[in-house]
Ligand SMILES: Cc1cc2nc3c(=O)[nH]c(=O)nc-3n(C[C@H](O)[C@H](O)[C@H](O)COP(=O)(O)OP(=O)(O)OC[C@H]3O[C@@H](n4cnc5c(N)ncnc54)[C@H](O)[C@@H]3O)c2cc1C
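Below, in structure tokens: the form predicted alone, a single chain.
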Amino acid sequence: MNENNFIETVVAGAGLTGLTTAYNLKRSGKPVLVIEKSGRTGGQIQTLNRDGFVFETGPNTGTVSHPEVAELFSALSPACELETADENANNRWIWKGNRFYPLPSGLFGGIATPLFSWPDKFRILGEPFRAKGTNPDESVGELASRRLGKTFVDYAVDPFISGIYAGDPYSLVTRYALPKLYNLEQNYGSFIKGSIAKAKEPKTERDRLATKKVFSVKGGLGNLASALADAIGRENIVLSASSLKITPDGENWKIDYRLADGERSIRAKNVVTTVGSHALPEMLPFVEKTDMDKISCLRYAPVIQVVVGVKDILGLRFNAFGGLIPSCEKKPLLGVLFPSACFAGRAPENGMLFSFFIGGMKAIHLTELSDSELTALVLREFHDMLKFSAGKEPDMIHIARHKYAIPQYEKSTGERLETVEKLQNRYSGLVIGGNLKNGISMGDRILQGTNIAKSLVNQ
């Protein structure tokens, strides 16, 4: 095999993690090749433009949660422009009974809201004085119930977890799923005391880049994937590559895959996987089954997004980020977002864009509905929840299905992380990344990709 078949680093997967990794390697002058199974870059990120509506079929927004997010957009400018949400994004709604209520953001709002019971309102006042937990695998639901009460779990934590993980708060382990929340209690003894102490901590200029603001990209998130791919160089990205297999080859790695015109084989010093854990058994056949089972057992929540466009909302008002539906309300939805209320140019002037989310870990059966059944379901809620008149129909409907939408950081997470670390230590040049660890948000993916690239540059 000649030297033309050797590349320093191969990245498996052209989602946000893989693209960010490859971008930072290329920017550091390191040769890199990205290999992607599908026919496009971006992974679950995809922006469509139809009938005057610009909408996402995967993630709708991110948060500027790490300085690396702001730094990436700064480096990509002007090819890709960060767009932060307007003030409507500060308003979050929760469904109870037959209407949406604002999610309270302060102490007075928490006392006045009809979402929580009076005993739990008083329980919230006593939160700073409760002992911290001792179970490292305590679930989010157990932790919140212990410190704040059941109605707080039902009408704040449960919908919050639905909106982020499409999961069950009593299955997700806090120290993995919400590590910042876990650390507030462990380090400060209380959510409230910890939040106050964190707010007083001095911040560097770089720290302040993490504004926590909700963001998208001008023209849609697809422009971020496109800008990254252009910066990497399209010639350094292989699309529509099937049967990808990575195996040790002496001190290097052998990568085999298939394109439409035949088999390909290359060698690399480093290989970075950024795919879902369910794809790893086929991709890494050299890993013993007992180890691989500890990684690939990760469960993913299936989610369907139904995007609805209305060209004239007839005076109705949706001045919010969106509304979430607690599972105790027995609605067939996880929630609905209002993208055009937060970002410009997403709908015609008098129109509105809505993204309905269905499924998740508590309602997997709904993801098996046909397109016509999903449309009928959404139309019922379009009229019932959003209060459109019976004769009003949407001008555009698009259905996007995601079988492996969101990983669930449950009790198996600790063993999975230990196994990943063991394999990386055993096999020089192997990096197992992706959303099976280090968080699920867009900010987390950018941070992980940046850190992976740094580790390879500095090795």
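One-based numbering along the sequence shown. The model shown is predicted, which means the values in this text are computed figures rather than measured ones.
Below, we turn to the form predicted together with this ligand, even though it does not appear here.
Contact with this ligand in the predicted bound form, defined as a heavy atom within 4.5 Å, holds for exactly one of Ser162, Ser216, Ser277, Gln305, namely Gln305. For the options Ser38, Gln424, Ser28, Asn49, the residue carrying a heavy atom within 4.5 angstroms of this ligand in the predicted bound form is Ser38. Mapping the unseen interface onto this chain, Ile440 counts among the residues with a heavy atom inside 4.5 Å of this ligand in the predicted bound form. Heavy atoms of Gln44 reach within 4.5 Å of this ligand in the predicted bound form, making it an interface residue. Within this chain, Val69 is remote from the site of this ligand in the predicted bound form, having no heavy atom within 4.5 Å. Mapping the unseen interface onto this chain, Asn60 counts among the residues with a heavy atom inside 4.5 Å of this ligand in the predicted bound form.
Exactly one of the stretches 131-139, 101-109, 312-320, 278-286 approaches this ligand in the predicted bound form with heavy atoms within 4.5 Å, and it is 278-286.
Counting a residue when any of its non-hydrogen atoms is within 4.5 Å of this ligand in the predicted bound form, the hits in 396-413 run His402, Ala405, Ile406.
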